[in-house]
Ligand code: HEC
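Have a look below at one chain only, the form predicted alone, in C-alpha coordinates format.
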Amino acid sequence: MKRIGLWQYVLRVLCGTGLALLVFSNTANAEENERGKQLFEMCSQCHGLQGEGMALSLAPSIAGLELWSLEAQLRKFRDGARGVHHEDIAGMRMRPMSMWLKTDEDLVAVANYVASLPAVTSEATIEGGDATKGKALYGLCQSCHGANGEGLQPLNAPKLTNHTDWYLKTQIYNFKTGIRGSNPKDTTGALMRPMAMALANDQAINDVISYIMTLSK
(Lines give C-alpha, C1' and ligand atoms only; values in the text may rest on other atoms or scores of the structure.)
Protein backbone atom coordinates (compact mmCIF):
# COMPACT_ATOMS: atom_id res chain seq x y z
CA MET A 1 0.00 0.00 0.00
CA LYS A 2 1.32 3.40 -0.91
CA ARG A 3 2.00 5.56 2.09
CA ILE A 4 0.69 9.10 2.20
CA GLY A 5 1.82 11.99 4.34
CA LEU A 6 -0.13 13.23 7.33
CA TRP A 7 -1.25 16.44 5.60
CA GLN A 8 -2.35 14.50 2.52
CA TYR A 9 -4.42 12.24 4.77
CA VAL A 10 -5.96 15.23 6.57
CA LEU A 11 -6.72 16.88 3.25
CA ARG A 12 -8.47 13.78 1.95
CA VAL A 13 -10.55 13.52 5.12
CA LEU A 14 -11.52 17.16 4.95
CA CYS A 15 -12.43 16.93 1.26
CA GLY A 16 -14.51 13.83 1.92
CA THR A 17 -16.24 15.50 4.85
CA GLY A 18 -16.90 18.63 2.81
CA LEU A 19 -18.44 16.58 0.01
CA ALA A 20 -20.62 14.74 2.49
CA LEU A 21 -21.77 18.01 4.05
CA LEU A 22 -22.54 19.43 0.61
CA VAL A 23 -24.63 16.39 -0.31
CA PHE A 24 -26.41 16.54 3.06
CA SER A 25 -27.06 20.28 2.66
CA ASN A 26 -28.46 19.87 -0.86
CA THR A 27 -30.67 17.01 0.30
CA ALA A 28 -31.92 19.03 3.27
CA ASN A 29 -32.63 22.03 1.03
CA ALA A 30 -34.53 19.88 -1.45
CA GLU A 31 -36.61 18.36 1.36
CA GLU A 32 -37.34 21.79 2.84
CA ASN A 33 -38.35 23.14 -0.57
CA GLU A 34 -40.68 20.18 -1.14
CA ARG A 35 -42.18 20.65 2.33
CA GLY A 36 -42.66 24.37 1.66
CA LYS A 37 -44.33 23.59 -1.66
CA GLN A 38 -46.73 21.18 0.03
CA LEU A 39 -47.60 23.70 2.74
CA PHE A 40 -48.13 26.41 0.13
CA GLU A 41 -50.98 24.43 -1.41
CA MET A 42 -53.18 25.75 1.39
CA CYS A 43 -51.93 29.32 0.83
CA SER A 44 -52.49 29.12 -2.93
CA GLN A 45 -56.25 28.86 -2.46
CA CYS A 46 -56.27 32.58 -1.68
CA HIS A 47 -52.87 33.85 -2.88
CA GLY A 48 -52.86 31.98 -6.20
CA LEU A 49 -50.75 29.11 -7.49
CA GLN A 50 -47.82 31.44 -8.20
CA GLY A 51 -48.40 33.73 -5.22
CA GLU A 52 -49.77 36.39 -7.56
CA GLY A 53 -52.58 37.37 -5.21
CA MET A 54 -56.34 37.50 -5.64
CA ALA A 55 -58.23 40.68 -4.82
CA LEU A 56 -61.54 38.85 -4.35
CA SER A 57 -59.94 36.88 -1.53
CA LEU A 58 -58.30 40.02 -0.11
CA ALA A 59 -55.03 38.16 -0.62
CA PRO A 60 -52.09 40.25 -1.88
CA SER A 61 -49.27 39.22 -4.16
CA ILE A 62 -46.56 37.57 -2.05
CA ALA A 63 -44.32 35.93 -4.67
CA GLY A 64 -40.66 36.86 -4.43
CA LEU A 65 -40.93 38.90 -1.23
CA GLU A 66 -37.95 38.89 1.14
CA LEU A 67 -37.58 35.78 3.25
CA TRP A 68 -37.02 37.74 6.46
CA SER A 69 -40.17 39.81 5.92
CA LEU A 70 -42.31 36.79 5.07
CA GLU A 71 -41.12 35.02 8.21
CA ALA A 72 -41.72 38.11 10.35
CA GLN A 73 -45.30 38.60 9.14
CA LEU A 74 -46.18 34.91 9.50
CA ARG A 75 -44.89 35.02 13.06
CA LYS A 76 -46.92 38.16 13.76
CA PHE A 77 -50.10 36.50 12.55
CA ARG A 78 -49.34 33.27 14.41
CA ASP A 79 -48.40 35.04 17.67
CA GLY A 80 -51.35 37.43 17.68
CA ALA A 81 -49.43 40.60 16.91
CA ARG A 82 -51.40 40.98 13.68
CA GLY A 83 -54.80 39.84 12.45
CA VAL A 84 -56.69 40.22 15.73
CA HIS A 85 -58.32 43.65 15.21
CA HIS A 86 -62.03 43.27 14.50
CA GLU A 87 -61.81 45.64 11.51
CA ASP A 88 -58.95 43.78 9.88
CA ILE A 89 -61.04 41.34 7.86
CA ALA A 90 -58.17 40.10 5.69
CA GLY A 91 -55.88 39.77 8.69
CA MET A 92 -58.45 37.81 10.66
CA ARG A 93 -58.70 35.40 7.73
CA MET A 94 -54.94 35.05 7.62
CA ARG A 95 -54.35 34.40 11.31
CA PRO A 96 -55.86 30.89 11.47
CA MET A 97 -53.91 29.99 8.34
CA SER A 98 -50.64 30.97 10.03
CA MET A 99 -51.59 29.02 13.16
CA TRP A 100 -51.81 25.92 10.98
CA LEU A 101 -48.01 26.13 10.75
CA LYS A 102 -47.37 24.24 13.95
CA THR A 103 -43.57 24.40 13.98
CA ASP A 104 -40.96 27.04 13.20
CA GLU A 105 -39.53 24.62 10.63
CA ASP A 106 -42.82 24.60 8.70
CA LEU A 107 -43.05 28.39 8.90
CA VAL A 108 -39.53 28.80 7.52
CA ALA A 109 -40.13 26.16 4.83
CA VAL A 110 -43.22 27.85 3.39
CA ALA A 111 -41.60 31.30 3.65
CA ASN A 112 -38.58 29.99 1.71
CA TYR A 113 -40.82 28.56 -0.98
CA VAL A 114 -42.80 31.80 -1.38
CA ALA A 115 -39.58 33.83 -1.51
CA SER A 116 -38.32 31.55 -4.31
CA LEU A 117 -41.33 32.26 -6.55
CA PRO A 118 -40.77 34.80 -9.37
CA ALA A 119 -41.94 38.28 -8.37
CA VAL A 120 -45.13 39.47 -10.05
CA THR A 121 -45.68 42.95 -11.43
CA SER A 122 -49.29 43.84 -10.68
CA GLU A 123 -51.48 46.08 -12.76
CA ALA A 124 -52.54 49.38 -11.19
CA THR A 125 -56.13 49.47 -9.93
CA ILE A 126 -56.16 52.80 -8.06
CA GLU A 127 -57.27 55.75 -10.16
CA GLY A 128 -56.72 59.44 -9.58
CA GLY A 129 -53.24 59.23 -8.08
CA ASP A 130 -50.55 61.72 -9.10
CA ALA A 131 -47.15 60.01 -9.18
CA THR A 132 -45.34 63.35 -9.42
CA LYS A 133 -46.85 64.56 -6.17
CA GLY A 134 -46.39 61.08 -4.76
CA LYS A 135 -42.65 61.25 -5.39
CA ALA A 136 -42.39 64.24 -3.08
CA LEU A 137 -44.46 62.48 -0.42
CA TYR A 138 -42.33 59.37 -0.76
CA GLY A 139 -39.37 61.30 0.61
CA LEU A 140 -40.69 60.43 4.07
CA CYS A 141 -40.88 56.72 3.20
CA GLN A 142 -37.49 56.31 1.56
CA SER A 143 -35.51 56.85 4.75
CA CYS A 144 -36.66 53.35 5.80
CA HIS A 145 -37.89 51.64 2.63
CA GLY A 146 -35.09 52.87 0.36
CA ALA A 147 -34.97 55.29 -2.54
CA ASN A 148 -36.24 52.63 -4.94
CA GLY A 149 -38.60 50.87 -2.55
CA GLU A 150 -36.09 48.04 -2.15
CA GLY A 151 -36.53 47.81 1.61
CA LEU A 152 -33.96 47.85 4.40
CA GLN A 153 -33.84 44.82 6.68
CA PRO A 154 -31.83 46.53 9.48
CA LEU A 155 -34.77 48.94 9.85
CA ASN A 156 -37.36 46.15 9.55
CA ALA A 157 -38.70 47.93 6.48
CA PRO A 158 -39.80 45.51 3.72
CA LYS A 159 -39.57 46.27 0.04
CA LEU A 160 -42.60 48.01 -1.44
CA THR A 161 -42.12 47.03 -5.07
CA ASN A 162 -44.14 44.25 -6.71
CA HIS A 163 -46.99 44.69 -4.26
CA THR A 164 -50.60 45.13 -5.35
CA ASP A 165 -51.61 48.78 -5.04
CA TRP A 166 -54.91 48.02 -3.31
CA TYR A 167 -53.01 46.10 -0.63
CA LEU A 168 -50.61 48.99 -0.05
CA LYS A 169 -53.52 51.40 0.27
CA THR A 170 -55.33 49.11 2.71
CA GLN A 171 -52.26 48.74 4.90
CA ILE A 172 -51.50 52.47 4.95
CA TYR A 173 -55.12 53.05 5.98
CA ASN A 174 -54.82 50.33 8.63
CA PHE A 175 -51.71 51.91 10.09
CA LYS A 176 -53.24 55.37 9.91
CA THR A 177 -56.37 54.34 11.81
CA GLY A 178 -54.68 52.02 14.31
CA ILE A 179 -55.99 48.76 12.88
CA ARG A 180 -52.32 47.92 12.53
CA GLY A 181 -49.47 49.17 14.66
CA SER A 182 -51.47 49.71 17.84
CA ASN A 183 -51.09 46.17 19.17
CA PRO A 184 -48.44 46.16 21.95
CA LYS A 185 -46.97 42.99 20.43
CA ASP A 186 -46.38 44.72 17.10
CA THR A 187 -43.37 46.85 17.97
CA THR A 188 -42.18 47.29 14.38
CA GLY A 189 -45.69 48.16 13.20
CA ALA A 190 -45.82 50.90 15.81
CA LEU A 191 -42.96 52.64 13.99
CA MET A 192 -45.02 52.75 10.80
CA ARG A 193 -48.10 54.36 12.35
CA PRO A 194 -46.81 57.95 12.53
CA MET A 195 -45.49 57.68 8.98
CA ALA A 196 -48.92 56.70 7.70
CA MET A 197 -50.56 59.44 9.75
CA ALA A 198 -48.37 61.99 7.97
CA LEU A 199 -50.38 61.33 4.78
CA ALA A 200 -53.17 63.85 5.24
CA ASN A 201 -55.95 62.23 3.21
CA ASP A 202 -56.94 59.62 0.63
CA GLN A 203 -55.56 61.74 -2.19
CA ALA A 204 -52.13 61.81 -0.57
CA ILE A 205 -52.27 58.04 -0.10
CA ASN A 206 -53.26 57.53 -3.74
CA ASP A 207 -50.47 59.83 -4.87
CA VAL A 208 -47.70 58.08 -2.95
CA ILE A 209 -48.92 54.64 -4.02
CA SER A 210 -49.04 55.77 -7.66
CA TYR A 211 -45.38 56.70 -7.33
CA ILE A 212 -44.46 53.41 -5.61
CA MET A 213 -46.09 51.52 -8.46
CA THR A 214 -43.69 53.22 -10.90
CA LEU A 215 -40.79 51.71 -8.95
CA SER A 216 -41.98 48.20 -9.81
CA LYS A 217 -41.60 48.77 -13.55
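A quick note: this is a predicted structure, and the numbers were derived from the prediction, not measured. We number the residues from 1 along the sequence you see.
In what follows, reference is made to the form predicted in complex with ligand HEC, a form of this protein that is not presented.
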query: Interface membership of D130, ligand HEC in the model of the complex, 4.5 Å heavy atom rule; finding: no
query: Non-hydrogen atom contact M42 with ligand HEC in the model of the complex at 4.5 angstroms; finding: yes
query: Touches ligand HEC in the model of the complex: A90 (any heavy atom, 4.5 Å); finding: yes
query: Heavy atom of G149 within 4.5 Å of ligand HEC in the model of the complex; finding: no
query: Every residue of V84, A115 and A119 near ligand HEC in the model of the complex, heavy atom within 4.5 Å; finding: no
query: Within 144 to 165, the residues that have a heavy atom no more than 4.5 Å from ligand HEC in the model of the complex; finding: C144, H145, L155, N156, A157, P158, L160, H163
